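What follows is one chain in structure tokens, specifically the form predicted alone.
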Amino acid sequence: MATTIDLEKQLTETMKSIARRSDLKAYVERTPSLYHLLQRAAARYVTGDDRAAGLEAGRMLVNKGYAISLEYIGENTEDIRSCEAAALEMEQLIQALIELGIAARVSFDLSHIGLSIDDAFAFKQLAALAEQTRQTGIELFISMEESAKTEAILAIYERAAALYPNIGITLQAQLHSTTQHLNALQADSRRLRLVKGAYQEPEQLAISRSDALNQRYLHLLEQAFDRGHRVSIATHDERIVDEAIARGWALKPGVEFEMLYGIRPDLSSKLKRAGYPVRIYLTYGHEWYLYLCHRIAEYPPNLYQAVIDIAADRPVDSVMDYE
């Protein structure tokens, strides 16, 4: 008989597969009743469909003492007009942040603004955003995607970061290649975000969620600090958080804890009360299907929460869970 741990591992892999099923995504989008139900579950992790929703949630969190990252959800965009439209939305998001006086971080996937079409096109779009934010106090942050894109993402990042110091990069601890990639980055004070990794990868390329992955994550943190990076410790795993505090890393200059909106607001609140810098990663937009699948995959009990949220009398407002 399968144990609870076995079932959770199976659910994790299943949800990662479902996230990549374009046919299932299309079925959800053309079935209004199903779309509405799943959107209620996604509302715990996604602030809303439009920029105004993301900005309002972000403003409220800033007023509570948190730093914020904002992402207009989207990836694997395969036509030029859609990529240009995504970049325009990010430009408008940046302008709104400037007008509000919020020195936030704007995060995105390079495949949302052109990587799926052409590396040069993606770089051109990134450079335009970097020019807009050059002296604003707003950081641009490149997210990491599937391993097949890693080399291209890092090449574009290195080229852009040499010109614009306000661009950060994300690395995934689950990939075997990450130690090599971290060593290849210029050793300086540029911002690095370390995540475990949410994508389904073959065993020869990645390690699964385990104690071994936690140990690798901690080793990569140490490596990043040794190389002088300012680090965003992007995890909800309290064991890693506690170890980072115990080793004194949380007190290093430029270090922060970064957590996804709607995930462990209790832990974010606890860390902020203890005086540690905490950044909340907020998302908005219509492309929430993959995002919801990943949130369930990374922590299978979130499936129970999804069912509860679907059946709830009123929509979820995760901002209220943060102290």
Ligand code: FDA
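Start at 1 with the first residue shown and count on from there. Quick caveat: nothing in here was measured; it's all calculated off a predicted structure.
The same protein also has a form predicted together with this ligand, omitted here; what follows describes it.
Student: Is this ligand in the predicted complex close enough to 67, 283 and 319 that every residue in that trio has a heavy atom within 4.5 angstroms of it?
Tutor: Heavy-atom distance to this ligand in the predicted complex: none of the three under 4.5 Å.
Student: Which residue, 46, 57, 259, 41, is the contact with this ligand in the predicted complex, using a 4.5 Å heavy atom cutoff?
Tutor: Exactly one listed residue reaches within 4.5 Å, namely 259.
Student: I need to confirm a contact call. Of 263, 290, 255, 271, which residue comes within 4.5 Å of this ligand in the predicted complex, counting heavy atoms only?
Tutor: After the contact test, the surviving option is 263.
Student: Pick the stretch from 220-228, 91-99, 136-144, 77-85 whose residues have a heavy atom within 4.5 Å of this ligand in the predicted complex.
Tutor: Looking at the other structure, the answer is 136-144.
Student: Look up in the predicted complex whether residue 111 has a non-hydrogen atom within 4.5 angstroms of this ligand, and give yes or no.
Tutor: No, residue 111 sits far enough from this ligand in the predicted complex that none of its heavy atoms falls within 4.5 Å.
Student: According to a 4.5 angstroms non-hydrogen atom cut-off, is residue 302 in contact with this ligand in the predicted complex?
Tutor: Although this ligand is absent here, residue 302 would touch it in the predicted complex, with heavy atoms inside 4.5 Å.
Student: Whether residue 209 contacts this ligand in the predicted complex should be assessed with a 4.5 Å heavy atom distance threshold; does it?
Tutor: Close contact exists here: in the predicted complex, residue 209 approaches this ligand to within 4.5 Å, heavy atoms only.
Student: State yes or no: in the predicted complex, is some non-hydrogen atom of residue 170 no more than 4.5 angstroms from a non-hydrogen atom of this ligand?
Tutor: Flag for residue 170 set to yes.
Student: Hey, which residues along 186-203 are within 4.5 angstroms of this ligand in the predicted complex, non-hydrogen atoms only?
Tutor: Residues within 4.5 Å: 193, 195, 196, 197, 198, 199.
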